Every structure is written in structure tokens, then in C-alpha cells.
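Just one chain follows, in the form predicted on its own, and it is written as C-alpha cells.
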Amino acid sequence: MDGVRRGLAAAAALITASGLLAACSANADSGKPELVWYINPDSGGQAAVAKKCSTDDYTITTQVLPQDANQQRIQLARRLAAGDSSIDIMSIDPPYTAEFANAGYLADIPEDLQGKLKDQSFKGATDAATWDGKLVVAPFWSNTQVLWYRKSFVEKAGIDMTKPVTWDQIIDAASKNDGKVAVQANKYEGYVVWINSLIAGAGGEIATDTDKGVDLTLGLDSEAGEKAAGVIEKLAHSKAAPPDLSVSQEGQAGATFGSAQGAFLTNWTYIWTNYDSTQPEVKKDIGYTRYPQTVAGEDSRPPYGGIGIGVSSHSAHVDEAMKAVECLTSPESQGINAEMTGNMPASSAGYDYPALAKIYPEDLLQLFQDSLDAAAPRTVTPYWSDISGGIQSTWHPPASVNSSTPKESQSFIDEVLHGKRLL
């Protein structure tokens, strides 16, 4: 039994029989099915499209998962491993899609719906939603990161932001001018997102040959891995490092950027509206450009994030749930969600939703889409949770990272995958 299956089996043991049967997704009185959609926390976008997509044949209701992506995975996996039928529809973070599909937790998407979703979605969204040659979840929203900067700071520092910039440049500029470079470097998935993009920006990949299972090829111990480690080491030991770097998630990084020392920030698309009501003076000072280069002269590979919607194979209402998913992931629904949450559509047609043009400048909407085209998704493999956990264990805190980290990390993860070490 491999590490993934061992973990899921152990989690399943935690489920009690009463928990399995606690929720029934059908209204016994009316006979009208209630489709229960487990969603990641947001500011109301998913609840709004759930209401919009409810019909005379079924009602879609939502249940909110924990904030942390790994906790979302655990919550869902432990229920699915035990055959819990109370989950009909799920919002799934891309790195866990392959794991859920490989374990048989996802109902097959009809081929005609697969074709429709492929036609409407960005290629990166489709790639992240595909496992073993099939689209296993429906792309709902696709996020990416850009480099946000304070216009007043770069003017003071004398940096030309009309041209591509490197991590070295922004770290040096912030260090020399009493500014901070805000990133996500807590011991969590968001830190791995940064590391993945740094490695991809240097021409590498964290893992390849994923069809070989635990014998996949790790790419951390490489020149690209060393380039990535060099960026983290430089920032962590510079004056540009925020004091809370080792515990910084999206919110802390946003707060640093909004402070008096705010200079640069890499973060998701919703940052554009983050300061509208609380710090309008910061909003007026925000500039944006392409994600920084790991290596000067080589195109950056911005992070890719998002949500795919899957239907549980244990649902008692698979056919109705598939119809619901088709509506939930329509370009109009993606637009509604983007307007309310700042989580951008997984399709170019979703970007045509009229309200988005009133919120975002035209060149920023184009930058988001260009960044998605260039984005580097995390490796699609059922073993991603082991790989990510291994990276978090060996690359954290950022101040501990040095040139030997990639080699040590690869050795550790290889042993974890082959059952010789525990995370």
C-alpha cells in the first residue's frame, strides 16, 4: 500500500458510522434533491451561483470547508474514503485533483460535457483539471499572480517597471530604499506555489514522469532548484525581508504591502480590490506588471491556482450534479463569481462578463490572461501531497534555505515516496 492510500485509509478510520449517515442530500418530504456543494471559503461568489443554478428539479446548497487548502483536502478525503454520500459536489484545489481521481472519488464527466469544458477553458485550466487523459473536474476559476508594486516607491527607487524585472532587482531595490518584498513563505501550500514558480522560471520542474507513480523523476536537485534556493536565501537575509516572512500567508503579505514600507508584492488577482474600502490611498498607489524573472532574460512562470468542481462518485444524484456543474462553471457563472470574489474566470468568455470591465483596468485584465497563458501549474500527480509536504519540511523557514537545500530536499522526498521516511 503506497503512502497516499495509507494516509487516506487512516483518515477513513476516523469517520464514525453516525457521521457517514448524518446528512442526506435529498429532501424526503418533497422528493426534490438537495445537492450539497462543499466550497472553499470566499466572499459569497459560490453561494450566489449555487442559488442561480438551482432549478425546479434540484436545489444546490453550500457547505464551507476550512481556509487552508491542505485542511480542505483532509476534510474531503476522509469523508470520501469512507464512502460518505452526503457530498454531491466539491470545489477542489488543483494539486489534489489527481489524487482524488486516482482514488476513484470523482464521478466520470460525460464526454459531451468534457468537450464543452475543454472548448471554453484556458489551456492551463484544462491541464490542471486532467488526469490520465480525462477531464476529471470542471474548471471554475483560474487564478494567477502578478507583481504588484507601489508606484511612489519605484519612482523613488528609479526602477523602470515597463521592462521585465528580476527577483534580484526588486530585492536589491527594496533593500537599498527601506522597502519590503512581500511573499507567501509560511509553512503551507502557498510557499510551495512560490518555490514551484521560481524553479519553473529557471527552466525546471519539481517532478516529471508522473506516470511512473512513486518512481517519478524529481527535479529539485538541479540548476533550476539552486536558482530558486538562491532567490529565497537572498530575500530571507536581506533588509527587504518582512519581519513576519516565515509565517507570511496571503493576508500578512497584503498587510506588509499596505504598510509604510510596502514596495513589492507577489499575490493573487483579488489584491486589486483588497484596499478599496480600508486603504484607498494605497489603492491609488498600486502598479502592476508581469511576475518577476528567476533568471534575467528568461521568461517568468507565474503561479497557477484556481478551483475545479468535481462530482463525488458516492453521490446519490450524479446526473443532477453534472447538470448543476455545467451551470456552475458556465462563463456567466464564472463572471458572477469573479465580480464578487476577485477569483478570475477559467475561460476567456468569463472575462467578457460586463461587471469585470468596471472593476479592473483593461490592461490588468489582459495581464491576468497573459499570465495564465505563461503560468506554471504544480505537478499533476496523486503524490503531490507527499511532495508538497516534503518541500515544506525541507525549505522552511526561508532563512534556512541555502545551496544544499535542493539536494537534501529531493533525497528526503524520494525516501518519503518510497516509504523509508515519514513526513
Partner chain sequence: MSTTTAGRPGKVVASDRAKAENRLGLKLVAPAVVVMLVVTAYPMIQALYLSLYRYRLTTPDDKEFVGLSNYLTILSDSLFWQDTVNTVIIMIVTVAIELVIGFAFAMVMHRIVFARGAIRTSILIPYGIITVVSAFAWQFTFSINNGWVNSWFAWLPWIGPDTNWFGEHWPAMFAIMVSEIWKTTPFMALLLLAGLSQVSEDMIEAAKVDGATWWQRLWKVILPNMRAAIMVAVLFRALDAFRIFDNIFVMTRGAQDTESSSFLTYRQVIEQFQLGLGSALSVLLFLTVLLLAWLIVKLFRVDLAQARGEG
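Since we're looking at a predicted model, the values are computed, not measured. Positions refer to the first chain, counted from 1.
Omitted here: the form predicted in complex with the partner chain. The next part is about that form.
Q: Please determine, with the chain shown alone, which of 372-380, 66-74, 355-363, 34-42 has non-hydrogen atoms within 4.5 Å of the partner chain in the predicted complex.
A: Of the options given, it is 66-74.
Q: With the partner chain left out of view, choose which of T59, T62, T394, S385 has a non-hydrogen atom within 4.5 angstroms of it in the predicted complex.
A: Only one listed residue qualifies here, and that residue is S385.
Q: Select from the listed residues I109, V154, V295, A81 the one whose heavy atoms reach within 4.5 Å of the partner chain in the predicted complex.
A: That would be A81.
Q: Closest heavy atom of D215 to the partner chain in the predicted complex, within 4.5 Å or not?
A: Judged by the heavy-atom cut-off of 4.5 Å, D215 is well away from the partner chain in the predicted complex.
Q: Since only the chain is shown here, I'm wondering whether V318 would be in contact with the partner chain in the predicted complex (any heavy atom pair within 4.5 Å).
A: Contact check for V318: no, nothing within 4.5 Å of the partner chain in the predicted complex.
Q: Please determine whether Y149 contacts the partner chain in the predicted complex, using a 4.5 Å cut-off between heavy atoms.
A: Residue-level check for Y149: no, no contact with the partner chain.
Q: Indicate whether the partner chain has at least one heavy atom within 4.5 Å of a heavy atom of Q114 in the predicted complex.
A: Although the partner chain is absent here, Q114 would stay clear of it in the predicted complex, with no heavy atoms inside 4.5 Å.
Q: Honest question, do A103, Q252 and L423 all end up within 4.5 Å of the partner chain in the predicted complex by heavy atom distance?
A: Yes, because A103, Q252 and L423 each have a heavy atom that approaches the partner chain to within 4.5 Å in the predicted complex.
Q: Using a 4.5 Å cut-off on heavy atoms, what residues in 216-252 are near the partner chain in the predicted complex?
A: Contacting residues: P243, D244, S246, V247, Q252.
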